[in-house]
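Here's a solo chain for you in structure tokens, the form predicted alone.
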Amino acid sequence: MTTEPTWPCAAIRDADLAPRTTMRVGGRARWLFEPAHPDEFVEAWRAAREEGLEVRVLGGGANVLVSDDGFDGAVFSTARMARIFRPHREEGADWSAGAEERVGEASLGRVGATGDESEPCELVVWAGKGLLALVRATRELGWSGLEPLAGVPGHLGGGIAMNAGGRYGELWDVVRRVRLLLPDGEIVERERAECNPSYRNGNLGDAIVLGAVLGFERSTRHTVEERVRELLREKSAAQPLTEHSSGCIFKNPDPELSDGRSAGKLIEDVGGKQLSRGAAVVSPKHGNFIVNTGGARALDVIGLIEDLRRLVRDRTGIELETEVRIW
């Protein structure tokens, strides 16, 4: 009889991953870990590695496509690591460590109540905070910088890792410092300048984001709210925000090679918006989105991705690179 390991955080055996992704496809994980604190995450990650398990991290489930076979290892969900803090300003306080005794949790009504214009517009955010909720929080504070992330799903950690964003701005525009778990188990902090993020790449390698310090510009709630509404109207008209998709499938190619056309425009120009496989269809709103209309398999989505890549390559000579990460 084999004894199951005792894990240092909540753990689910043989967990279904499909409901935890925005595409709603995929198989099961051998283990699903749900740490509630970054320290708990690190402890469980080290324990899983000691057991010889391959480890992956699942945030809000956007920008990831899990195969129908699932994952025979440990998947770490960051869903319970969703707290926001104000930095502690006492001299010498290591507030970035995320220890609760060193920082105060952000209460939206209380945080914005002081009116102290000299107070930095900064937040310490754990990796599991949803981007949609984070946009709402900064809107309530009247702090500007995250409006371009309006309507973007997923969690902070994954958003930093892939530099989520769009034409109006990227997440790394507000990142000042990140706290990382390196593959060898070491915990480090890096300033933005040390990371050198680029288009759809936080340039963190295999490091796992535990949290970050974000900095904003002081504005007003009304101004930020109006900008968020404007961008949501624009995105809703052009993207399937309310349907089951993993977000953009392909990165935009070099504009010099594509005559300035985005991946979505290339797909539309070559007739790719007419394609489907089973219940996986190319969105009629945007050629760079694949939508699960109900009951699609990961195999359908992956096959449709390759159909689109081949079509664009054959018609234009441009090889599209996937943005979505396929497990």
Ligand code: EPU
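Start at 1 and count along the sequence shown; that's the residue number. What you are looking at is a predicted structure, and each value in this text was computed from that prediction instead of being measured.
Keep in mind that the form predicted in complex with the named molecule is missing from the display, and what follows is about it.
- Contact annotation: of the candidates Arg297, Arg28, Arg277, His286, the single residue with a non-hydrogen atom within 4.5 angstroms of the named molecule in the model of the complex is His286.
- The contact residue chosen from Val213, Leu180, Val135, Cys248 relative to the named molecule in the model of the complex is Cys248, the criterion being a non-hydrogen atom within 4.5 angstroms.
- Partner contacts here mean any heavy atom within 4.5 Å of the named molecule in the model of the complex, and among 38 to 46, 288 to 296, 51 to 59, 64 to 72 they occur only in 288 to 296.
- The named molecule is not drawn, but in the model of the complex it has no heavy atom within 4.5 Å of Ser219.
- The named molecule in the model of the complex is not approached by Pro120, whose heavy atoms all lie more than 4.5 angstroms from it.
- Of the heavy atoms in His244, none are within 4.5 Å of the named molecule in the model of the complex.
- Within this chain, Gly166 lines the site of the named molecule in the model of the complex, having a heavy atom no more than 4.5 Å away.
- Contact annotation for 255 to 287: residues with any non-hydrogen atom within 4.5 angstroms of the named molecule in the model of the complex are Ser262, Gly264, Lys265, Glu268, Lys273, Lys285, His286, Gly287, listed in sequence order.
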